[in-house]
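Considered here are two forms of the same protein chain, supplied as structure tokens in two stand-alone entries, structure 1 and structure 2.
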Structure 1
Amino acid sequence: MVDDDRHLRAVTDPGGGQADPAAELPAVDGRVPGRRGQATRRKLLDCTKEMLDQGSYRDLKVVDIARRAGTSPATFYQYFPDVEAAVLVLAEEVAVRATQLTELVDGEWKGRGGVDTARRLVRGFLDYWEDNRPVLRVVELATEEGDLRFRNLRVRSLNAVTRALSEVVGQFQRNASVPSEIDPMATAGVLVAMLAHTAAHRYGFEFWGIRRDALEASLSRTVYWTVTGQKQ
């Protein structure tokens, strides 16, 4: 059985930062592909992502991905034991990109500047989900079905931004703006869950006639009020 974790670990560097997409993932047989092999693997991953956006994950087949990539199923199996392994690598890459959301928490949280910071965070969440929707849809589905690999990726992807928000809530709590009985980590977790759920179901809101700018405004106010304990 192929060690899926071996593929996943190679996507991130030891320090937990974002790795180059061309990082040397080992092939199924353990060998490190050359430049051409890396390009082929990247093409297979990109085609897998494209096809996730066009149909059901359950219906995706190796032969279809290989055909889209202009290669053969045999070539696909050189890099991934099955479709799920390729999707796991994509999910790991998406989880790594989520760490960039933490940067949006940095900034002024007082007064009008705080509302602007909250708005940037909300916009970043919506953009992140939109850019990675095909893969995140699979992550959410697999998580709901109890797949621990996808669930752990989901938790890890949102952990950094949750902790960053928790620190801000804690700062306002120490300044007596946020009630002392409020748990900063729980508060941050609720906010991140709200942002993730709203971003995942944005098209449903649009079906109800709620435009993205209205969502951004509502979410931004909710985030600002909750984080700071203040109304602007």
Structure 2
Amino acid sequence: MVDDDRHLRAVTDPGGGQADPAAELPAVDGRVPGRRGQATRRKLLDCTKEMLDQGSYRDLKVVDIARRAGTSPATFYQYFPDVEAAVLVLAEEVAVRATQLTELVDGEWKGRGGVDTARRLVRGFLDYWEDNRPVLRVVELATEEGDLRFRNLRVRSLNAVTRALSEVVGQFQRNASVPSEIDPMATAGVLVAMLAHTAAHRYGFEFWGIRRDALEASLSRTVYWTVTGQKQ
């Protein structure tokens, strides 16, 4: 109980390493690891990811990660307070890549080009999810379980796209194409929810014999209409 502030210290006491905000200052027990330490830390992270690619989050044990990394469980705890913490770092890395989605919203939405923009956005979402499925699965999961760390992460990564989309909706609203009583942010949020959930459950759709083309088409159509308020 006396040592209960270890994790806290790791967070509150940057130990002078705060200079580089990009490198998640990895906390051992308050110190910043050297070259060798960094390597093991990375190896542990990689192994965590590999395990996640294979089995479920629920069955992700520290022992297994350690074994796969060829170290002892104790070593794992040297770098992360628990499994969640390790996964959180992975999630952070994935969240950064979500910015690529925001860029897809920047494009022509008026007229025929709008359909293409919508389609590109849809493709981007499906691809992004495909590339990072295992980690995103956990983010979704942990968020739903009420974990604030993951929730904030999720909000941060989807916030940008949502705001961008909401912006576009707002334009078409001033245009009188979208009814004035509609809340642009709500609309954008709902669309993002649709994209995220569809992407997450894609293989569930294929189970019903629905191919990716058809999915893209339906999603694009709905996105385009909802955003622009216009028939394509």
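FYI, numbering is relative to structure 1, first residue = 1. Model, not experiment: these values are computed from the prediction. What we label the rigid core is the largest C-alpha set whose atoms superpose within 1.5 Å from one form to the other.
- One chain, two forms displayed separately, with the form predicted on its own being the first of them, structure 1.
- With a cut-off of 2 Å and the rigid core superposed, residue 63 has a Cα displacement that reaches or exceeds the cut-off between structure 1 and structure 2.
- Of the two rigid parts that make up the chain, the smaller rotates 16° against the larger between structure 1 and structure 2.
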